[in-house]
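One chain comes next, on its own, written as structure tokens: the form predicted alone.
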Amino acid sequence: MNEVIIEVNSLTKKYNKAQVLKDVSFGIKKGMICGLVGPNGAGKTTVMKAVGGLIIPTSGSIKLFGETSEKGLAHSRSRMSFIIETPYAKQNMTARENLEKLRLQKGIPDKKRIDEVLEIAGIADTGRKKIKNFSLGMKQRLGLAAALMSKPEVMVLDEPINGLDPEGIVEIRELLLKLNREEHITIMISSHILSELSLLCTDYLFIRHGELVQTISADELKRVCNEQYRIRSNNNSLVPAILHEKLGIESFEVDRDGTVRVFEGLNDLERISRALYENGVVPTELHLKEADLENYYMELVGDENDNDADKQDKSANVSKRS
């Protein structure tokens, strides 16, 4: 589980004078479901296309399964599948016909693999139904089935839940969890819907204006977003001692800026306030912050769309499966 299989170092991408990725670095370990999170246009698709070899970075490097050479990267990408933007399928063909066409193109000898991926994706019963009559959720499932044909070790998925209704989102989430847990597939997935990714991901990369602003595990994110009191005062250095020695509070942390975050005694604000005053500390900020992943996301990356990044890249409408 500690093996880093995707490693990006100082990745930069420019289109003309627009710099859409700025010194992006991160690593994804085997077994992770890593969410690339940010507003529309933040650079998520550009990162994924660089990992997939669909664009050439202006500078920086990419290492896949320990390989960095052109030949090594090509071989490594054969162990991966990419669904970037809209999954491609012949609209007048059935799911099985599309997968058989793909099997022949990829030179996959095992015909039984089609039945396997149709079953895994939950579309084995679509029969003679043409793709043009599929719901959006069914089309996304077909895209995932196609990506599974080559038995990938890693799947890179760009906005696979975009446009789906709530039922479709749940179906795709459950399928991805199954692939990760039962097929042991490492997943890199982009979305701006943090509330959904919070039910799926083990780790997160937050990106804004083409820059990676934070890397955080799901456990750490949940801890940060726990219901808590935030305390600032005229003497922040005394607060931890008062909490511990006078009130017996053990569960608290001190941020770099001196803010103290308290995770217990949340129903007794008056007792905390009185203890601070009695020991010569005047709170300048003392409020309850409720658990809310969406608010954390908004504080970190904002809600406005960027002007460049992925928008520069949308002209290349690519769906690649290796």
Partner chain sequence: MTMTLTNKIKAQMYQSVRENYTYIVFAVMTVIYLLTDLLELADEGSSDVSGSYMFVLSADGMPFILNMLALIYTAVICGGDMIDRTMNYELLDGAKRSDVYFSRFLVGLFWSLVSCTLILVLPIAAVSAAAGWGKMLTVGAAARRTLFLLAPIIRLVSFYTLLTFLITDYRAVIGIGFVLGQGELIAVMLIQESGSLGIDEKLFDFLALPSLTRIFDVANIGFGYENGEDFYIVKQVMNLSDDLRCAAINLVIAAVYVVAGYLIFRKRDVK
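Positions refer to the first chain, counted from 1. What you are looking at is a predicted structure, and each value in this text was computed from that prediction instead of being measured.
One more form of this protein should be noted, the form predicted together with the partner chain, which is absent from this view; the next part is about it.
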> 281-289, 51-59, 255-263, 28-36: which one contacts the partner chain in the model of the complex at 4.5 Å, heavy atom to heavy atom?
Replying inline: 51-59
>> Can you work out which of 89, 187, 194, 247 has a heavy atom no more than 4.5 Å from the partner chain in the model of the complex?
In response: 89
> Within 4.5 Å of the partner chain in the model of the complex, heavy atoms considered, which of 115, 211, 100, 183?
Replying inline: 100
>> Just checking whether residue 77 would be counted as a contact of the partner chain in the model of the complex - the rule being heavy atoms within 4.5 angstroms.
In response: yes
> So in the model of the complex, does residue 105 come within 4.5 Å of the partner chain, heavy atom to heavy atom?
Replying inline: yes
> Would residue 270 sit within 4.5 Å of the partner chain in the model of the complex, counting heavy atoms only?
Replying inline: no
>> Would you classify residue 243 as touching the partner chain in the model of the complex, given a 4.5 Å non-hydrogen atom cut-off?
In response: no
> Going by heavy atoms, what in 14-44 lies within 4.5 angstroms of the partner chain in the model of the complex?
Replying inline: 15
